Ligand code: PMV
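The form predicted alone is given below as one chain in structure tokens.
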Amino acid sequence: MKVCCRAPGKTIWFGEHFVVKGMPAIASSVDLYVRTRVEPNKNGKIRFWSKSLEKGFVYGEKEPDKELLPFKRILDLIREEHGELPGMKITIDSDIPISYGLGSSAASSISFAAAVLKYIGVEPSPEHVRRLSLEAEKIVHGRPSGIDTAISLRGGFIYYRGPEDIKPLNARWSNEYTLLVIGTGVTRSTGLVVKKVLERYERFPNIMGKIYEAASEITMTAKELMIEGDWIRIGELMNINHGLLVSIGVAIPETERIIHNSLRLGAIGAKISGAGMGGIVIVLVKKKDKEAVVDGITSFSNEIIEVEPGVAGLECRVEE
């Protein structure tokens, strides 16, 4: 028997940074996936290999490299819960660029946990997989918000106010539009960026508090417009939201060049998605204008990915 599970990545449309202070956020899955395949290993060992990282380990032998510790943690937890594990070959592969803010670590842990559980005969319930994924995410992010895990598991769009307040959002996506994910080529530490923003908040609490309230109003308005399917006004709100992200200090010249030129070339909305100070920009554009936008910004980025938002979450299949 062979088991294959895949989990999608995510992008944040509204609310990044502001969610740290209890403001709402909106995120969606995107059609970039992490896939985990589990098959028998006759020698009884558990062998893991990541195609993307070109690294692996044999479970129970020497300690794996740091990047692979989340997978070992999941195996440890499953073994504690269900006893000794059978020999298996586990291979993981990913479409999702690492350290882009697209939820690669959450999608990896979700597809991995679900595939191993299903292989040993345990049905991977959403709650069980969520718990295992969050334990693995703690190794990567320290105190994960849970938004990446929630969207990768559920798929679609979600309205998020905290780990215990995550609701599906019935957004009416239109095939008239597409979403571009554009890399700045600048890597950064999410934790350090969040720390910088919070320090600014502490220096100017009255001013920053009003910015955060405005961000909350934007997200609540966007929620209603997504349900209505009004993507023109959603694009306008993306632009306003980006202005707030500039004001809290997470914009850099690389993001601004991409955003300014995308809008100049016909995009409806463009903003930082995620921590900022690098990472990615998302651009909402009508399909008829996509080619002009892409052609015009290739001089600023060679990392342009067209994605479909709102795809299904975790999926598994068994091959006999």
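From 1 onward, residues are counted along the sequence shown. What you see is a predicted model, and the numbers here were worked out from it, not measured in a lab.
Although not depicted, the form predicted together with this ligand is the subject of the following passage.
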* Structure fact -> Per contact check vs this ligand in the model of the complex (non-hydrogen atom within 4.5 angstroms), the hit among 220-228, 182-190, 115-123, 73-81 is 182-190
* Using 4.5 Å between non-hydrogen atoms, is residue 305 touching this ligand in the model of the complex? -> no
* Asked: Might residue 311 be said to contact this ligand in the model of the complex, defining contact as any heavy atom within 4.5 Å?
  -> no
* To do: Answer for residue 134 alone: is it within 4.5 Å of this ligand in the model of the complex, judged on heavy atom distances?
  => no
* To do: Give a yes or no for residue 155: in the model of the complex, does one of its heavy atoms lie within 4.5 Å of a heavy atom belonging to this ligand?
  => no
* Heavy atom of each of 9, 35 and 150 within 4.5 Å of this ligand in the model of the complex -> no
* To do: Identify which of 194, 246, 85, 139 has a heavy atom within 4.5 Å of this ligand in the model of the complex; exactly one of them does.
  => 194
* Residues within stretch 255-284 having a non-hydrogen atom within 4.5 Å of this ligand in the model of the complex -> 274, 275
